[in-house]
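Only one chain is given next, in structure tokens, and it is the form predicted on its own.
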């Protein structure tokens, strides 16, 4: 039974990190900018969801509020970048710093309820958590797919390809930039809420390294599937997140078994990129033949 619960939790976390892969896809591949707000959005979504659920709020309402808070974080970054003319990286760092106080307050508020109801964060069983995660992530992925295939999504892709061209076509660049970051960080906040629900805990540092995880999911998914469509890319993000999370778990188990003093995360990253390089080398060899 413990193995089944661990497998379901692994699947749930992989699905949650798929949303972070979508965030990286929007910022890096579609908008063609570097946005570091992802880590803050994941933490903000996880802490707000935990605090709201522990206070007695309906989990689905808490999901919606967490998504709105993450979208708000993306909006702050977009306003700083487009209004004050900051670089997107600097704007995201300012947002990350500014929201730390709110995150700490949410953590302290939720931690007070946690002492009273320690098991209120999770649903009844691991299967219930997994089913809920599958439903939420599937709906969001379908909406993401529909958005990118709509006229608005095509305009967003044109904006990422070149701002001068998009302006000549009558596209409002500032609006596209704001909407893109809001959607991406809203997805990251929901990912944080799902992580809180699956792990039954939240902290002020739970989002650290999320953008690295998202990048790894994108890279591994593209190397393994070599997708040609948006639908294939979304499936690749899930496969990449699942593979990366599995490698992290294996590295952790190996470190615990052998008593290694090395950083398990570093070992997992090395294994991941070795696999990606082997895949690329194999493809090059086949092309040369």
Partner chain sequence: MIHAEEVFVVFYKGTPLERIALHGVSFSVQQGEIISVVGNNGCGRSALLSFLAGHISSSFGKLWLDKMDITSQTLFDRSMIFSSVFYDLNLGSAGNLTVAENLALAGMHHQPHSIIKPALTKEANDMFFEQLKNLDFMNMELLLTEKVNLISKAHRHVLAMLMAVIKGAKVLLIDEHSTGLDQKTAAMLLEATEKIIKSSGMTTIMAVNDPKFSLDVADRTFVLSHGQIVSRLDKEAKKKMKPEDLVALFNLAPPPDAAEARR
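Residue numbers count along the first chain shown, from 1. Everything quoted here is computed from the prediction, not taken from an experiment.
In what follows, reference is made to the form predicted in complex with the partner chain, a form of this protein that is not presented.
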Practice task
Using heavy atoms only and a 4.5 Å cut-off, determine which of 138, 205, 150, 101 is in contact with the partner chain in the model of the complex.
Solution key: 150
Completion exercise
Students should find that, of 96, 71, 155, 80, the residue having a non-hydrogen atom no more than 4.5 angstroms from the partner chain in the model of the complex is 155
Practice task
Decide whether residue 165 counts as a contact residue for the partner chain in the model of the complex under a heavy atom distance cut-off of 4.5 Å.
Solution key: yes
Practice task
Answer for residue 84 alone: is it within 4.5 Å of the partner chain in the model of the complex, judged on heavy atom distances?
Solution key: no
Handout entry: Partner proximity in the model of the complex: residue 171 to the partner chain, non-hydrogen atom cutoff 4.5 Å
Key = yes
Exercise for the section: Answer with yes or no whether residue 160 is in contact with the partner chain in the model of the complex, where contact means some heavy atom within 4.5 Å. Expected result: yes
Problem - Contact stretch among 86-94, 71-79, 141-149, 194-202 - heavy atom within 4.5 Å of the partner chain in the model of the complex - result: 141-149
